[in-house]
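So this first bit is one chain, no partners, the form predicted on its own, shown in C-alpha cells.
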C-alpha cells in the first residue's frame, strides 16, 4: 500500500538519500537531477560552476590550497571532490597567488562551495520529503 515515496524510514530510503547527497556533492545540481528536478539541477550546475570557474579565472588555480589557505579550502571542498585534486596540484607552490586577485578568487570559490552545500542539503531534504511534494510539483506532470 505504501510506496517508496511514503516509506521514509526504510534502509532503501536512507541509501537513496546518501546517493542523492553524494551525487549533489560530486557534481553541483546532480542531486536535483536525480530526483527529477532537471531544470533546477541544470540551473544550479551552470550557476555554481560558473561562480567557481570565475574565481579560478580571477585568482588562478593557486587559490585552492589546503595548506596555505585552509579556512578557504574548508568552504571550497563543498563544491566538489575535484577541489581536493586541485589542491594536490597546487600544494607544491607552482601556482603562486598574491594580493587582491587571490582574495577575490578565494571568496568566489568559497562562496561557490558554500552555495553547493546549501544545494546538497536542499536535494537531500527534497528527496526525504518525496520529490515534488513541497517544491517543484509542477514538474511532476512533465515527467
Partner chain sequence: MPDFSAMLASFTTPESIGTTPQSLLWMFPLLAAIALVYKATKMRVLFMRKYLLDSLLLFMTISVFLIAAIIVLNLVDWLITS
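All values derive from a computational prediction rather than experimental measurement. Residue numbers count along the first chain shown, from 1.
Keep in mind that the form predicted together with the partner chain is not shown, yet the notes after this line are about it.
Highlighted residues 39, 48 and 53: every one comes within 4.5 Å of the partner chain in the predicted complex, counting any heavy atom.
In the predicted complex, at least one heavy atom of residue 59 sits within 4.5 Å of a heavy atom of the partner chain. With a 4.5 Å cutoff on heavy atoms, residue 98 counts as touching the partner chain in the predicted complex. Contact check for residue 119: a heavy atom falls within 4.5 Å of the partner chain in the predicted complex. Residue contact check for residue 108: one or more of its heavy atoms lie within 4.5 Å of the partner chain in the predicted complex. Per the 4.5 Å heavy atom criterion, the partner chain in the predicted complex is contacted by stretch 90 to 98, the sole one of 90 to 98, 77 to 85, 64 to 72, 22 to 30.
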